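Have a look below at one chain only, the form predicted alone, in C-alpha cells format.
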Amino acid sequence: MKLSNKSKVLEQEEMTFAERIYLPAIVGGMATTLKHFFSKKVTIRYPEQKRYLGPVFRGHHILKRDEEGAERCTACGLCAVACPAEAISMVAEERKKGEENLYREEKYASVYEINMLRCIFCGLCEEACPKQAIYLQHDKMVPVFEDRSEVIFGKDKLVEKMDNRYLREGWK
C-alpha cells in the first residue's frame, strides 16, 4: 500500500574504471596529507614557550592585600557559600590588639583553605566577594600536584606577596 503517488526511482550509474580502483579517493587523500605536511605547525614547545591565556582565563587563586599590606578578607563566608563545589573553607577570628596593620576589619580569616581537587574554577567566589579579596589570576595556572597533601591551598599559598602584586590589565 502506497501512502502517496510521489515515489522516485533511483538508478545507480555504472562506476568508471578509475572509480573502481579508488584512484580519485587516493589522490584526494594524498592532497590533504601534503597540504597539512607543509602548513605551519600549531604545536608550541610548552616549557620554553607559553601561550597567552587571555583576559578571561581563570587560573590560580590569590587573596589580595590593600595598599598598606593588610589582608582584605573579612571572613564573611560569601565565597564559601557561592562555591558550587564546596571547595572553600575558612575559620574566622577576631583581630587582637597590635594586629591593626595585618587585617583591615575587626574579623579576619585565620584559616582560609581551597581544595584544588574540588575547585571547578568557575569564578563565583570572585564575584561573591564584597571586599574584592579573592581573585582568579588570568596569567598563572595552578601548579601540578605530585602528592595529595599538596592539593589544599592555605593562606601560605594564597595571600599575595607585597613585592609581587597581582594587577589585571585595565586596573589602575
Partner chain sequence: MEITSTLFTAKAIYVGIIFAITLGVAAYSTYFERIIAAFMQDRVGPDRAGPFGILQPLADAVKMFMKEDFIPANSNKWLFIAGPCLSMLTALMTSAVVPFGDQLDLGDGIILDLQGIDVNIGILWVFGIVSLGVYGVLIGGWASNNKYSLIGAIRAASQNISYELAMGLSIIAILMLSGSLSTKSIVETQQNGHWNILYQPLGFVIFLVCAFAECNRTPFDLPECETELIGGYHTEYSSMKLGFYLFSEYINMFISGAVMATLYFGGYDYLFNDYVAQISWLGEYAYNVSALLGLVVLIVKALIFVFIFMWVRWTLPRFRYDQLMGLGWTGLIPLAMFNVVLTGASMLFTVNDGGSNWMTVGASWAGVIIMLVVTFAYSEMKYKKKKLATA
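None of these values were measured; they are calculated from a predicted model. Residue numbers count along the first chain shown, from 1. In this text, the rigid core denotes the largest set of C-alpha atoms whose superposition between the two forms falls within 1.5 Å.
Absent from the display: the form predicted in complex with its partner chain. The rest refers to it.
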Considering only heavy atoms, tell me if M162 and its partner chain come within 4.5 Å of each other in the predicted complex. no
Is there a non-hydrogen atom of N115 within 4.5 angstroms of a non-hydrogen atom of its partner chain in the predicted complex? no
Residue contact check: K41 to its partner chain in the predicted complex, 4.5 Å heavy atom: yes
Considering non-hydrogen atoms and a 4.5 Å limit, does its partner chain approach T33 in the predicted complex? yes
Its partner chain isn't shown here, but in the predicted complex, which of 47-55, 123-131, 137-145, 63-71 has heavy atoms within 4.5 Å of it? 47-55
Within 4.5 Å of its partner chain in the predicted complex, which residues of 102-127 have a heavy atom? Give them in sequence order, or say none. none
How about A18 - superposed on the rigid core, does its CA move between this form and the one not shown by 2 Å or more? yes
With both forms fitted on the core, give yes or no for whether the Cα of K41 moves by 2 angstroms or more between this form and the one not shown. yes
